[in-house]
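Take a look at this one chain, the form predicted on its own, written out in structure tokens.
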């Protein structure tokens, strides 16, 4: 019995955590023939991909993740054929719009030319087209390389071309452009990294998100992100796995017997309840793991769409709200210095413009967050709503209800959001490729039965399941060597 499938059929696995990565890991193991049990402390599966009625009955809000360009691009999710399990992608007219205070907006369109034209500068339009066209034309190869384990690249010239720009800071990438519109547009994309814009590799986030917008869009899941989780759970059950919810784990010694354990948790939780299974030297390295800024999350129920001054924002799924480069730079620097910007850069999403299934007639949903210092308990609702009002005069008149979560609330809701960090760890160079610690197989630990499958491992955050898929493959490889 030499094949990995034959070996796997003799083995059992327990996965702790039913977020997208935990479920992706479980599906990968179960499909290989292992007997897999998933344990989830929450009363429902989902982790950072849940949908709930937060304010009014019948109005659905994505509690954390909402716009999912990496999910629709994920090799793992494509292999699982989640559309067959009911996932329906909803594509906005524009994946993203970036408004300015003059009542206009630059847009991320599926068409590179339309995006370039929205900069209103010939030099910047040409620069953007030259930068993005090669990446978009070979998007499947590029994203497959980015989301795969580190290895000799299959497409070295493509990866090198991407890397020459990706190693820049967000500020350096923005300064390839001359005009304020293009610079602000790039700054907004780079701000997804949670890094100060003058730090590398914030540019990598900007490039990946822009290329994804052109190649595959930034779609929502019809009915809410929870539907993606339900599809993963259905696929796992089809493969013979099981999920037990309402099952908190406080000590790994209480886990049921298994050949391997995969933890969809960050280093802090792993140390809390599985530290005894790991050598002291490895525990010390895990303890040095750094978390990024937190977020202040808000959800609104509206009586009408947001009254954006820039008309194109009314056809966009995501809004980057911060104006020019300098304002965004200031906003993203403040959380790293323990402060909250007076005019915070906001990431907003307006799914009901394109997915009416999320709310009854006469109601709309707005989703948003801004970066704040890690573990901040400050309520910045007023600053957030003032910022929206600057770009959408009359916004307050369409607000029917609101809910907010500070960093403490987010961590209570999902312990993986340490200090409100939705990225499961800081995205500086030290941790982007060597998370949680520098190891040849980062999902493995010194204990051959213990693996980490969360976004605290490569390729890091984003709802794509590849951290789980990669961890599961590492576990299968380890079992085959026994």
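The structure presented is a predicted model; accordingly, all values stated were derived computationally and were not measured. Positions refer to the first chain, counted from 1.
The same protein also has a form predicted together with a small molecule, omitted here; what follows describes it.
The chain is drawn here without the small molecule; in the model of the complex, the stretch among 198-206, 257-265, 167-175, 129-137 whose residues come within 4.5 Å of it by any heavy atom is 257-265. By the 4.5 Å heavy atom rule, the three marked residues 39, 66 and 462 all count as contacting the small molecule in the model of the complex. Of the residues 393, 248, 103, 305, just one reaches the small molecule in the model of the complex with a heavy atom at 4.5 Å or closer; this is 248.
Interface residue among 119, 369, 291, 94, judged by heavy atoms within 4.5 Å of the small molecule in the model of the complex: 369. Using a 4.5 Å cutoff between non-hydrogen atoms, residue 297 counts as a contact of the small molecule in the model of the complex. Put simply, residue 466 is far from the small molecule in the model of the complex: not one heavy atom of it is within 4.5 Å. Proximity of residue 414 to the small molecule in the model of the complex: non-hydrogen atoms within 4.5 Å are present.
For residue 59, no non-hydrogen atom is located within 4.5 Å of the small molecule in the model of the complex, even though that partner is not displayed.
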